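The same protein chain appears twice below, in two forms, each given on its own as structure tokens and labelled structure 1 and structure 2.
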Structure 1
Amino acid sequence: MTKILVIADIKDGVLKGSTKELLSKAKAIGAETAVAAIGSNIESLSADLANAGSDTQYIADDADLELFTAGPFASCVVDAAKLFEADLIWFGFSETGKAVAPRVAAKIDAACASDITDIEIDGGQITITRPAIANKVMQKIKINTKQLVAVVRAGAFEADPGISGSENVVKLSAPEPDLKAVIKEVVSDASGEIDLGDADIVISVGRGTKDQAGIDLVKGLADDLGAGFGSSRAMVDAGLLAQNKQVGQTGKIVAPNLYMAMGISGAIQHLAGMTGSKTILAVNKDPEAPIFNVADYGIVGDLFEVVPILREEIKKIKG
């Protein structure tokens, strides 16, 4: 039986939804599942980890793992993979996954695939599907190694609410610290904000929102809806929004139920981050803007006029 080790995605002590998505897929293809959870003060998560669909939980819980550094994180993953004898090692789509997966692959001499959207296992032969060239094409890749380390694209696999696992905790020993790459501090500019990866609704602003007043206007709508707040690169480059807000090829990949693009033209690098959304609404004053080619609903108009009306109309519905 194929053995799939999923690396738990934990943020601020909370297990993220992607872990269950990956475990659901693993169970759906009939694999034996385990999860590796790496961090500090996370032992209390073991029940959550089991409920997400894992039958073994490898937990590395150490104060030194409080702040992320890729080297020690990778050695914990390698330890778990060895103990479990994992065939496949899956990371959810995150900066952590992107940084750690290639390291793990190099350490265990396995192939590494980034951004996979599908996987087939046929008599031991693994084939994966993934987008390339800013999502303009898809590639099918045949894996020639026994093991595969992969980062799964956000939204690629769906969580099955029906799955469950069983609690069977294996403690991993604390890794050696990386003395040559020392983390000094983490500056968080997102505390208290809704995580873009979790939000049911994401609203992003582009150059069309112009300035702080425009941003505040759209933020009002996001607050009404409890939506995550994102951005195109143009607004990040202009210094108006933090880099961690950027949606797109270099930023976050999001796949919410509803994505609203406000004054965003729809450059391919932006589209690469949001076309997995279920429904897309675009507001743009240019009827030819490429964003309309991917939008389910398009409003051609001045967002400074449209957004206040949107807020009013939504309030009417939501009471």
Structure 2
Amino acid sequence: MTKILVIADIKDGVLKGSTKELLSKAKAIGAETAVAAIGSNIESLSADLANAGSDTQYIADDADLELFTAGPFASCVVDAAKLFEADLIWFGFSETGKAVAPRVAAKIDAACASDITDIEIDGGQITITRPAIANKVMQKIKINTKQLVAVVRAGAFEADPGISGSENVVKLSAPEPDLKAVIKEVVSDASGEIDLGDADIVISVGRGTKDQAGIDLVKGLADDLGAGFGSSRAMVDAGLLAQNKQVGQTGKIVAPNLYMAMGISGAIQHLAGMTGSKTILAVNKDPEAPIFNVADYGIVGDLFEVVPILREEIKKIKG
């Protein structure tokens, strides 16, 4: 039986939904599942890790692991992979996963693939699917090594609410500190806004918002819906929004239940970051805008007229 080790995505002591998505896919293809959780003060998450679909939980819990450092984190993953004898090691799409996956692959002499959207296993042959050339083509790649380390694109797999696992905790020893690079401090965004990767709804703005007044107008809609607030690269380059708001090929990849594109034309680089969204609504004055080719719902109109109407209707729905 194929063995799949999923690396838990934990933020501020909370297990993120992407972990259950990966474990659901592993269960769906009939694999034996385990999860590796790495951090500080996380032993209490063992039940959540089991409920997410894992049958074995490898937990490295140590004060020295509170701040992420790629070297020690990779060492913990390798320890778990060896104990579990994993055939596949899956990371969710995050900065942590992208930083650690190549290190793990190098340590165990495995293939490494990023941004995968699907995986097939037939008689021991592993084949992955991943987008290339800014989503213009989909590649099918056969893996010629026994083990594969993969970073899975956000939203590629659906979480199955009906799956669960069994609690079987294995404690991992804390690795030696990485003296080549020591994290002294982490400065986080103190705005209190919803992280784009965690949001069920994401609203992004583009050139059509024109200026700060337009941005503020759409931001009000995002606040009404409790949505994450994103941006096209054009608004970041113009200095109107921070880089961490950028959605796209060189920004964040998001896959919310609802993505609303306000005044965004739909350049291929932006589409690469949001086409995995379950439902897409676009508002643009140009009926020929490329964004309408991927939108489930489109409104051809001036966002300065459309957004106030949407806000008013949302208020009515909320009562």
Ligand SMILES: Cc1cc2nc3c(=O)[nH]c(=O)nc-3n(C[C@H](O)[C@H](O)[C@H](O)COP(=O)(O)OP(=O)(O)OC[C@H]3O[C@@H](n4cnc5c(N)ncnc54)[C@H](O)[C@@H]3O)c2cc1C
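Only a predicted model underlies this, so the values are computations on that prediction, with no experimental measurement involved. Between two forms, the rigid core is the largest collection of C-alphas that superpose within 1.5 Å. Numbers follow structure 1, counted from its first residue as 1.
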Which block is the form predicted together with this ligand? Structure 1
For D237, is the C-alpha shift between structure 1 and structure 2 2 Å or more after core superposition? yes
Determine whether the C-alpha of P287 shifts by 2 Å or more between structure 1 and structure 2 once the rigid core is superposed. yes
For this session: Using a rigid core alignment, state whether the CA of G13 is displaced by 2 Å or more between structure 1 and structure 2.
Result: no
Once the two forms are overlaid on the core, the CA atom of S265 shifts between structure 1 and structure 2, in angstrom, by 2.7
